[in-house]
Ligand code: ADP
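Only one chain is shown below, in structure tokens, and it's the form predicted alone.
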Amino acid sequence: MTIVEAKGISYTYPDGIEVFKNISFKVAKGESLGIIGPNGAGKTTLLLALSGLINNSGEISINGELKSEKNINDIRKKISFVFQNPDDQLFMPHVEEDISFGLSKLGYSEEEINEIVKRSLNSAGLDGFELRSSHHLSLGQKKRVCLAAAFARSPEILLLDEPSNELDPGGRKELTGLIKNFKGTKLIVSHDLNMIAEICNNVMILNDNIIKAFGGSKQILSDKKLMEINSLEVPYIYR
């Protein structure tokens, strides 16, 4: 079953620079898709378009529902976006407030929200962090708080932008395990191609405004010529 479908979507920055042009693809429910490519290829912009945070031309459907101004709020309820920089996402005094932000607007009671916060922290390996200050945490802990906040909304689709960026090996391993445990659909933008190989069953290469390749992770990531012409390297797992 297709859960994300893009048909002929394009996006141009306000300064006139075209990011991607007339691209189309489908993502199946439960799939983990790695979106890779050189810097400036439009990978993050694509995630923003899929989540409805920017307006693109063309059509995007989420779970069979065509994204529009009328239903964008309903669409966003199905998606959680985890930004590359946790400080762009964490802004409340305490961890529990960052995680619970917006849940009351979804109709949850205070008792239900408290339970969701505890469950989400547990799923991110952060038991007892409710009253910690998000801004006093390590980078790895901040990234896990962002994941906990994403899990709290029970999304069908998780969008992650460079989740392992700047993490040490231990933090990267912990975060990779948490992402793997999410059972919904995952779209991951990353230059960490070893992480992409670990998590994703399919890969898209975005470059020169178009999709250069879309298919099985091993098939694409192990293709030395394909990777090199797109300014990428074969991850060590396939060397």
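A quick note: this is a predicted structure, and the numbers were derived from the prediction, not measured. For every residue, the number given is its place in the sequence shown, counted from 1.
Keep in mind that the form predicted in complex with the ligand is missing from the display, and what follows is about it.
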{"property": "Which of 210 to 218, 56 to 64, 170 to 178, 42 to 50 sits within 4.5 Å of the ligand in the model of the complex, heavy atom basis", "result": "42 to 50"}
{"property": "Contact label in the model of the complex: Leu226 to the ligand, heavy atom within 4.5 Å", "result": "no"}
{"property": "The ligand contact in the model of the complex: Pro38, any heavy atom under 4.5 Å", "result": "yes"}
{"property": "Ile9: touches the ligand in the model of the complex, heavy atom cutoff 4.5 angstroms", "result": "no"}
{"property": "In the model of the complex, residues of 6 to 33 near the ligand [heavy atom within 4.5 Å]", "result": "Tyr13, Asp15, Ile17, Val19"}
